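Single chain ahead, written as structure tokens, the form predicted on its own.
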Amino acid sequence: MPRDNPPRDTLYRDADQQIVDFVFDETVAGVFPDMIRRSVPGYEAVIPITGLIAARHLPDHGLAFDLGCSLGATTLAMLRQLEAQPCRIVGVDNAPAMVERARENVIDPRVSFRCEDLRDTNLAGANVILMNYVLQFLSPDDRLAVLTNMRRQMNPDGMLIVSEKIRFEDEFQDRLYDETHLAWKRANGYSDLEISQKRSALEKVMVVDTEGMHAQRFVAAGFGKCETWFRCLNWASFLVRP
């Protein structure tokens, strides 16, 4: 199970003359629970509810994928709702440090973890695919191909859940939510230096889209229905179906 009282995220506390691109390495894995809870508005609602939605859509002996599983929080959220239901859950992440800790956090014979690029994962027969805060870290050029592959491999009645940071076409709205998000991070104890340095580290790594861009891409990938079930400031989660 996840560690109690996870270490505090202080990775960007001290001034650094050269900010390198953000990477999900051992240092990030060590503070990830604290980092994501203080950085992503709505995270503590999205994870348990996506786990609930996924569990309700998963039949007996069904197959679910938690892509970009990090430390296994979404997988754990599903398990809490499934009780003893027979099924199979596969967590996938390309960061060895994340997969190692996920295997420590989640001990259940129904769950396995793979350290691999999700673009190479065989998703055949999936009833549910979850991608919480993952697509935004893929190259924009790869996103449509990834979703098209999912649609082709998953069951005809499968469900995809995607959670992402978003931006807005309207300049005022985009600035309002972005500035509010930064103020929320300050309220959670991050300094202006920490916020600035992390933003610099993420600048080239994390590229966000509008809700409209997501919806258009889901349709282009072959999905028929998409709805935004959750939004908090500039963070949203989508339910996507055939």
Ligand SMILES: C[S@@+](CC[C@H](N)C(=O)[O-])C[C@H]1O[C@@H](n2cnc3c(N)ncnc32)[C@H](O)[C@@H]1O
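Residue numbers here begin at 1 and follow the sequence given. Please read these numbers as outputs of a predicted model, since none were measured by experiment.
Another form exists, predicted in complex with the ligand; not displayed. Remarks below refer to it.
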ask   = in the model of the complex, which of the stretches 151 to 159, 94 to 102, 78 to 86, 166 to 174 has residues with heavy atoms within 4.5 Å of the ligand?
value = 94 to 102
request  = Note which of L182, I36, I53, M213 lies within 4.5 Å of the ligand in the model of the complex, where distance is taken over heavy atoms; exactly one does.
outcome  = I36
query = Is Y133 close enough to touch the ligand in the model of the complex, meaning at least one heavy atom pair within 4.5 Å?
reply = yes
message = Contact with the ligand in the model of the complex for I47, defined as at least one heavy atom pair within 4.5 Å: yes or no?
response = yes
query = Might D108 be said to contact the ligand in the model of the complex, defining contact as any heavy atom within 4.5 Å?
reply = no
message = Please tell me whether any heavy atom belonging to L123 falls inside 4.5 Å of a heavy atom of the ligand, as the geometry stands in the model of the complex.
response = no
query = Which residues within 118 to 153 place at least one heavy atom within 4.5 Å of the ligand in the model of the complex?
reply = L118, R119, N132, Y133, V134, F137, L138
